[in-house]
Structures are given as C-alpha cells and as structure tokens.
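First, one chain by itself: the form predicted on its own, in structure tokens.
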C-alpha cells in the first residue's frame, strides 16, 4: 500500500489586494511555493456571514503567517483612508498565537522604520524590508524560512515567478477573472507555482 504524502505546511498571506501590489502578490506566492509551502489567503473565503470566524480559522490552520504592511498610507480615492485590514489581521494572528504559546508570524514592509511609527506596539519586532521589489521579497523570504527541507535560492524563486507571470493571462481567462485576487484565480496560480517549484527546486 502506497504511503500517503505528508500534507504541506501552510502559510497565511495577509497582503493588500490591489493592482499596484500585483507583482509582489505573485512574488509571495512563488517564493512561498519554492519552499514547498502552501500559500493561503482570505481570497478563498466566500462573501458571507461569519467571515471573521472563517478568517480566524484560516489563520489558525496555518503554521506560519506573513503580514505585509506596505499599504498603510492613505489611498487616493475619496474618502481618503488607510488600509486597516492588514494590521487588523496581524493583530488577530498575534493574539491567537500568544494564546497558543506559539509565534511564527512575520511582518514585511517596503520602508525601513515606518512600522515603528505606524504600529508602535510592535516595537522590538524587526520588519523585513523588501523595498517594494520582487527581488526584495525573495531575499527576505530566504532569511525568514531557515528550516529543514527546501532552501531555494533567489534565482530559483525568480524562475517560478517568471513562469507564473507567463501563465497568468491564461489562468485569468480560464477562470473568468479580471484579476488574480479571485478565489479560483488564486488557487490556479498556486497550482502553477507549486508545479514549477517542484521542477526547479531540489
């Protein structure tokens, strides 16, 4: 009887869903997949009642979580407001993991020292600064997931990223989505990223 494959470890991605962030969104999916990990996101949760309960369950199901706070600035659309979803979900994660005596969450930012001003309660936590660059995300992921198992290079992550981007238009067309921030499109992007990770990373 064939042995069952061990389920892959999941990573909760708490990131902004906008056009400007799309390159970094794909970079996170490609980079996390390169480590043999499974990206998860609130994109998977259908709009319905009890959404907060489902977000909490999703966070709890994931071994790790990444929280990108690079969208704390005001947007241009009136009324001008900052994005609160990312800090809110980070707070949920911190509270949940403190209760479990487990801390495996990581804060990513584009600007050095901004988190000390925008979220001073986390002073003492070192944010991982990607400078708004795809290569920066890959470099910081390399410093984050120093664990047993796969240890992909930045170049290997970049290769996965290129293949996902090359297939992105087809994925969106086949899923009927106009952006990658839809449940089916996100799932298919993760499948492509995982397949290329298995091919490119030993």
Partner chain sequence: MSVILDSRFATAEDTAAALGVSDSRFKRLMRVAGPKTIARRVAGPKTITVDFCARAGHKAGTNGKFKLKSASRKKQTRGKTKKAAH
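Model, not experiment: these values are computed from the prediction. Residue numbers count along the first chain shown, from 1.
The same protein also exists as the form predicted together with its partner chain; that form is not shown, yet it is the one meant from here on.
In terms of contact with its partner chain in the predicted complex, the residue from 38, 135, 45, 177 that brings a heavy atom within 4.5 Å is 38. Here the marked residues 34, 143 and 187 all reach its partner chain in the predicted complex, each with a heavy atom within 4.5 angstroms. At least one heavy atom of residue 192 is located within 4.5 Å of its partner chain in the predicted complex. Though the partner is left out of this view, residue 150 does reach within 4.5 Å of its partner chain in the predicted complex, counting heavy atoms only. In the predicted complex, at least one heavy atom of residue 166 sits within 4.5 Å of a heavy atom of its partner chain.
Taking the partner from the other structure, its partner chain in the predicted complex has a heavy atom within 4.5 Å of a heavy atom of residue 10.
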